[in-house]
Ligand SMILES: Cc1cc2nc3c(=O)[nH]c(=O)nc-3n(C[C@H](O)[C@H](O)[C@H](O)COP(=O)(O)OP(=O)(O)OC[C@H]3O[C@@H](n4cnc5c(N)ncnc54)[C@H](O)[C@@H]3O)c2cc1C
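The form predicted alone is given below as one chain in structure tokens.
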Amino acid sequence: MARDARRLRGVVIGGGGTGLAVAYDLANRGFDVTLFERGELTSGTTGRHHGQLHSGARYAVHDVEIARECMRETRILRRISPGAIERNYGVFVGIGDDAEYLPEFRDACADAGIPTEEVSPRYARTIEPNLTEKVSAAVLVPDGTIDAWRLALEFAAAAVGHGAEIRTYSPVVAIEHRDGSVMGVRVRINEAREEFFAADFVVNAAGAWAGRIAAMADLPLEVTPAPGTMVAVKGRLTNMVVSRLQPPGDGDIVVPQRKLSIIGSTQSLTDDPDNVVATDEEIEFLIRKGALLVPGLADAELHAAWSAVRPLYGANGADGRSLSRGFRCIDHAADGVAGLFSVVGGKATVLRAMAEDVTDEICRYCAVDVPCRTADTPLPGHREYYHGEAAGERFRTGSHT
């Protein structure tokens, strides 16, 4: 017999894009949801990635499943979040012998359902005049640009509009469980006070910090925090996302964001996702690599450099590039803690799908029969989080902190 979701209380840990999408999907299906974020919303990886809307073309040759997922979610995000998505397309550019990669690349994209169009080097430089004169091949793909902050705030606004509570600057310090089931979480309210919040289920959506959250329940979780440095220079030197026509590597993407050009990225590993910095060597490397695609980057004024930590699922002793960019939803009942779920891995492009999958798992666990509706429902504008009707009540009662 199906249960009433309104009688079931859930906690989401993590106020990045994924956690906010999870809170929205849960609230949309009727659950009583509270999200806890230790800092401000998007203060982790969500607020630091370069903002590429991935069609999946980058991954098609080596990871067709995530490529298909990216293409499917690209279409959905364009439909439900037009205010946070720029439909500026992308171009994969070959230089010299890169053209030899073209047949394999296009075949893999076709297998993944990603449309491509090969254009002449001359035409590529006509539509993107700042490309290098050394273009030997060019392929158009349906990439785009995400405003990461706006997209996350749209999911937050939708969650609040369906009754979810979002509490920032509220770090979870313990996950309490007894007799094989989760009981709730303990949250630090201030330096002198903690509170216990009972829950029927808990979702660990803490990204690169998900392993630390799982450890609060005495559980191992294989998450590889993989920092990547990015550099932004002043000037929008391309309109499309420009990628190197070769297997994924460091410094092979240029993403236009408003009046900036972002070069991404490097990749390494860290044991501490709170302590990553962009080095001078990485900055110089990225500008040099980006200038191979767009020479003007070499002389552009530096705007900023930073590192974002990818939450890759699995363990890897190299630099993490062999790990899939796919995601996993994990039911920790098999580990001895029923009612605790982790959603790990993935990319910003697939955050809605991540939320759908983990919410489906929770519905099965709770015996709730309510379908997902997030793929077909337009999101509210990001300003609604601060100025909408539900936001007004939230800020009057102080429940946002």
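All of these numbers come straight from a predicted model, not from anything done at the bench. Each residue number is its position in the shown sequence, starting from 1.
There is also a form predicted in complex with the ligand; it is not shown, and the following applies to it.
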_Is it the case that residue 228, even though its partner is missing from this view, gets within 4.5 Å of the ligand in the predicted bound form, heavy atoms only?_
yes
_I'd like to check something about residue 346: if you look in the predicted bound form, is any of its heavy atoms closer than or equal to 4.5 Å to a heavy atom of the ligand?_
yes
*With heavy atoms only and a cut-off of 4.5 Å, decide whether residue 171 touches the ligand in the predicted bound form.*
yes
*So in the predicted bound form, does any heavy atom of residue 49 sit within 4.5 Å of the ligand?*
yes
*So which of 288-296, 133-141, 202-210, 326-334 is the stretch with heavy atoms within 4.5 Å of the ligand in the predicted bound form?*
202-210
*Which of the residues spanning 5-43 lie within 4.5 Å of the ligand in the predicted bound form, based on heavy atoms?*
13, 14, 15, 16, 17, 18, 19, 36, 37, 38, 43
